[in-house]
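Below you'll find only one chain, the form predicted on its own, shown as structure tokens.
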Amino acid sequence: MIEKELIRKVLSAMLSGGGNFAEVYLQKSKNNTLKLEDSKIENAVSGFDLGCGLRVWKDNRTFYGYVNSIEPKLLLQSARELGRAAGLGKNPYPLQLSPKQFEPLEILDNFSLPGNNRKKNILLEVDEACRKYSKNIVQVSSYIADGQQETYIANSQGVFSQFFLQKVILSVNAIARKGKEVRTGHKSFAKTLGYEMFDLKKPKEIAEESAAIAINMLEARNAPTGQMPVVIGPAFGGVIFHEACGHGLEADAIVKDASVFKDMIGKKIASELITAIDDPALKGHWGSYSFDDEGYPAEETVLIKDGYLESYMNDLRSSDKLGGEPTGNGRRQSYRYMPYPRMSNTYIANGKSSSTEILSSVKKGIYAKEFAGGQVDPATGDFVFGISEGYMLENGEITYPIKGATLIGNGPQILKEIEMVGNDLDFAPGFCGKNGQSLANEVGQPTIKVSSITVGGTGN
């Protein structure tokens, strides 16, 4: 996509103002989205984007710019302007760029091959499966989106990385009605793969899971209120750890003194049953990549080990300020944005209990299986999460579905009150927003039991 000699010239131009670090980030991407509503294709959108982000550090200041082009003249002009912004020019120096080796992403079923007819048929199959599940399913909406991205990164420390990513997501919403009751079920399936991801799970299965949630919740009773034991289901239950604890472990929050986990490395912050990991190297997962968006290799980072805090998630800037090493978590939405420390595939590792043992241990409490939206104060970990699929637990049995339930608590405190961890780890895809940027992320956990959480509801 670009000659190495041009990259050297651009980096040198950025350093001409006396900066102590310069970076070039080139990105080419293609995206396609097809949406279905009421059994008809509602719209189809395709896009192509190409551009370059340029970053310079001088002492503690960062200068960032981008151009919607990789034309050499524009790149050099932008680089010189950033160099001037960083200060009066002195001592540009030659740069040695060493390519990083990586394992190429193997795409078995490229999205450019199936075309819109195949994608349309997938959405129609989803629509039909939802409606066949029950006559009470009255509305179905779904979309399928795929994206392909080529990225080249070089910096003045000698990093030169290039990688390719392809991602596919299928999202389904099913709405059920019975009398005056209307309930929605939602499921998504997404991978860093081609369309061969549907060999792992069929669109029909995703549709039926979505419809089942909507139908089950039609019979829901008002949720109880008060402090009680809560069992949080596997996969998307991990969103509570992600939002209420994970963001506090991203190192920019530590640098800004905006995290309850600052100065806690080596200290016990959770139940000894808890080991938490961020791993962008998991093959095929939605939040996976070969290199982060600063060119550093993806790698597993153990955040919490047996209840003790082991590591934060660093990008290059935060590792420089905190004195650690980059952990492969420097991420950005596109070349238009600066990178920040961000989660990738973040999960609580398996424990030893079965989900049956966990559920049967609760005399009276609730089982929170799926979550809707929520609010979190990342500085304190205080959270409120709505439960989209929940059930009453009585004498170790699931007795009936509940509605209107919210969980109110504090992430760091909840970590200490986890008293059982299951052995049924599962993952769920999603998108994470931070600093105006949205990124693909995956959350995960096995079934876990918290001894007590405040449940907000409308019942007694």
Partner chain sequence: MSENLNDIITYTLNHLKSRGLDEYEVFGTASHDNEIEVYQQDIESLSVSKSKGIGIRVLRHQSVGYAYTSNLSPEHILECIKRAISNAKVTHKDKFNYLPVRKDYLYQQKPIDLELLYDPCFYDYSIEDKIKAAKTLEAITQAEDKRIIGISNSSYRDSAVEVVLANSNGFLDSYKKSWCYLYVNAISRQGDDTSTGDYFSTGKHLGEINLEDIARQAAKRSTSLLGGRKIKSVKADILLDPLVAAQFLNLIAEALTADSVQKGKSLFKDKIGKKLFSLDIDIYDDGIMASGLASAPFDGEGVFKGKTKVFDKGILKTYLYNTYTARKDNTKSTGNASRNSYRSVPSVGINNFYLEPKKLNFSQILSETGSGFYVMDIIGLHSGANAVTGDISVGAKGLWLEEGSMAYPVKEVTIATDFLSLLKSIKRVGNKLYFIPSSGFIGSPALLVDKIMISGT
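Values in this document were obtained by computation on a predicted structure and should not be read as measured data. Residue numbers count along the first chain shown, from 1.
From this point on, the text means the form predicted in complex with the partner chain, which you will not see here.
Margin query: Only one of 147, 386, 194, 307 gets a heavy atom within 4.5 Å of the partner chain in the model of the complex. Which one?
Written below: Residue within 4.5 Å of the partner: 386.
Next item on the list: Go through 80, 363, 202, 177 and name the one with a heavy atom inside 4.5 Å of the partner chain in the model of the complex.
Entry: Partner contact (heavy atom, 4.5 Å) among the options: 177.
Notebook entry, point to check: Though only this chain appears here, would residue 311 touch the partner chain in the model of the complex if you measure heavy atom gaps against 4.5 Å?
Noted result: Contact check for residue 311: no, nothing within 4.5 Å of the partner chain in the model of the complex.
Check: Is residue 31 one of the residues lying within 4.5 Å of the partner chain in the model of the complex, judged by heavy atom distances?
Finding: So residue 31 counts as contacting the partner chain.
Check: Within a 4.5 Å heavy atom cut-off, is residue 332 in contact with the partner chain in the model of the complex?
Finding: Contact check for residue 332: no, nothing within 4.5 Å of the partner chain in the model of the complex.
Note to self: Even though the partner isn't displayed, in the model of the complex is residue 409 close enough to the partner chain, meaning a heavy atom within 4.5 Å?
What the structure shows: Contact with the partner chain, yes.
Next item on the list: From the candidate stretches 266-274, 342-350, 248-256, 163-171, select the single one in contact with the partner chain in the model of the complex, where contact means a heavy atom within 4.5 Å.
Entry: So the stretch in question is 248-256.
Next item on the list: Between 171-185 and the partner chain in the model of the complex, list the residues on our side with a heavy atom within 4.5 Å.
Entry: The stretch touches the partner through 175, 177, 182, 183, 184.
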